[in-house]
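A lone chain, given as structure tokens: the form predicted alone.
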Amino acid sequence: MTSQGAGRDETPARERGLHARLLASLGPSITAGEYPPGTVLRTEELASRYEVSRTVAREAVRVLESMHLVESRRRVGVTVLPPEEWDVYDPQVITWRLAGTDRGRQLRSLTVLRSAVEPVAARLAAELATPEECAGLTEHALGMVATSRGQQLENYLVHDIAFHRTVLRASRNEMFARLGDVVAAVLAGRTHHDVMFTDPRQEAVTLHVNVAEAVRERDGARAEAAMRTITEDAMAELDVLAP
């Protein structure tokens, strides 16, 4: 009985693995331009090329459709859409684009977005953050300090993402809060594609501490100014690390 049950469970698990593998290959290929806009992809051809079932291929296409990377039409097939149609706020699309050759331009575009949103979010957080959120910002800022030496970028990233998510959430603006995944994808992309110094600049780390202090002290102007400097410095770093 146990072995039969295990056997039944293996097929969905295997299909999920194949589905993820297909997406991990096809998604970046589309965002990198290997399949130009207007390219028609047929489900049966995808299944054959990637050695998966048609069911797996159809499921992958549905995910890509949800991201507006492709459009499926009867009697035509799956058509690759132009970049203007893509859901550029989807964290997976961001991750795929950052893996491509256009990484520098993508990072600059996302950093401009951060520059427009995060300073305002920090000011609002200083007005509206709960005591628990203030404590969380302090905790993560200190975590960034503790992991900013000795090439601990992955550990640093955990605190960095949590810090910025907390600021966006504490702004009490649901639109800003939804950008938490976008900012997380940007920070992770910079780390995983070596668009970070081996150890974060201590000035940047200190600025995060300053934001946490300003939010805790309800000093909106100071929180906004410190966060604006963080995003401006992030853009300046791109000129050095991703020219």
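What we label the rigid core is the largest C-alpha set whose atoms superpose within 1.5 Å from one form to the other. For every residue, the number given is its place in the sequence shown, counted from 1. Since the structure is predicted, the reported quantities are computational estimates derived from the model, not experimental observations.
The same protein has a further form, the form predicted in complex with a further copy of the same chain, not shown here; the description that follows concerns it.
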May I ask you to choose, among Ala116, Val76, Val158, Leu142, the residue with a heavy atom within 4.5 Å of a further copy of the same chain in the predicted complex?
Ala116
Of Glu85, Glu154, Glu132, Glu127, which residue is found within 4.5 angstroms of a further copy of the same chain in the predicted complex when only non-hydrogen atoms are counted?
Glu85
Check whether Gly136 has any heavy atom within 4.5 Å of a heavy atom of a further copy of the same chain in the predicted complex, and answer yes or no.
no
Report whether the minimum heavy atom distance between Ser48 and a further copy of the same chain in the predicted complex is within 4.5 Å.
no
Are any of the heavy atoms in His164 no more than 4.5 Å from a heavy atom of a further copy of the same chain in the predicted complex?
no
Contact with a further copy of the same chain in the predicted complex for Ala184, defined as at least one heavy atom pair within 4.5 Å: yes or no?
no
Which one of these stretches, 27 to 35, 213 to 221, 200 to 208, 172 to 180, sits within 4.5 Å of a further copy of the same chain in the predicted complex when only heavy atoms are counted?
172 to 180
Candidate spot Arg21, Arg190 and His192, all three in 4.5 Å heavy atom range of a further copy of the same chain in the predicted complex?
no
Within 4.5 Å of a further copy of the same chain in the predicted complex, which residues of 48 to 65 have a heavy atom? Give them in sequence order, or say none.
Arg58, Glu59, Arg62, Val63
Once both forms sit on the same rigid core, is the C-alpha displacement of Arg178 at or above 2 Å between the shown form and the other one?
no
Verify the C-alpha shift of Ala214 between the shown form and the other one: is it 2 Å or more after superposing the core?
no
Core fit, then Phe163 C-alpha moves 2 Å or more between the shown form and the other one:
no
